[in-house]
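Here's a solo chain for you in structure tokens, the form predicted on its own.
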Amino acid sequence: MLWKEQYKLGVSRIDAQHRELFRRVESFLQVLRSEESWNNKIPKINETLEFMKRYVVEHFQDEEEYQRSIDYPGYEAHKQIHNGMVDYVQEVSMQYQQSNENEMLMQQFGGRLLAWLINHVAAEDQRIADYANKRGISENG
């Protein structure tokens, strides 16, 4: 499993969303790496793209709401990072549809998604947790 307990922020809703994102990305990568024909992979690929388009936006909104609630000073920069990922997911989804379900595009997407998720949660999101911990802020703000 790609999720590690060290990624926890200590905010149950956000931690649960992170675990779900890791679970979905791991499942997506397993489909991409499987020996099945590309045509058999397409339904799972499409499902993952649709999930990411919805869930990433929902998760980012929740995470940003938490940042505002604790007056996190890095909020604006963090929001820009989120916006960049939302734009990327939407762009890849559009390219995928226009390319007639290009496999190489999805392979690249899977790799970038995994790297981004790990780096973002392990570095950027940990700054939020560090800020909250240093100020003695509990999950309830």
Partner chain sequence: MVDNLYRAFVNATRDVFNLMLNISEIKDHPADGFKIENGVDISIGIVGDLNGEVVYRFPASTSINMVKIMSGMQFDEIDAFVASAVSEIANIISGNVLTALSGENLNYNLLPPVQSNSDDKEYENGKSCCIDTSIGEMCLEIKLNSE
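Positions refer to the first chain, counted from 1. Just so we're clear, the structure is a prediction, and the values are computed from it rather than from any experiment.
Below, we refer to the form predicted in complex with its partner chain, which is not included among the displayed structures.
*Asks:* Wondering, does Asn119 line up within 4.5 Å of its partner chain in the predicted complex on heavy atoms?
*Replies:* Residue-level check for Asn119: yes, a contact with its partner chain.
*Asks:* If you check in the predicted complex, is Ala115 within 4.5 Å of its partner chain, heavy atoms only?
*Replies:* Flag for Ala115 set to yes.
*Asks:* Please run the contact check for Asn46 against its partner chain in the predicted complex: heavy atoms, 4.5 angstroms, yes or no?
*Replies:* Asn46: no contact with its partner chain in the predicted complex.
*Asks:* Any chance Pro73 has a heavy atom within 4.5 Å of its partner chain in the predicted complex?
*Replies:* So Pro73 does not count as contacting its partner chain.
*Asks:* Since the chain is shown here on its own, which stretch among 49-57, 100-108, 62-70, 36-44 would lie within 4.5 Å of its partner chain in the predicted complex, judged by heavy atoms?
*Replies:* In short, 100-108.
*Asks:* Taking only heavy atoms into account, state which residues of 8-47 are within 4.5 Å of its partner chain in the predicted complex, ordered by sequence.
*Replies:* Result: Leu29, Gln30, Leu32, Arg33.
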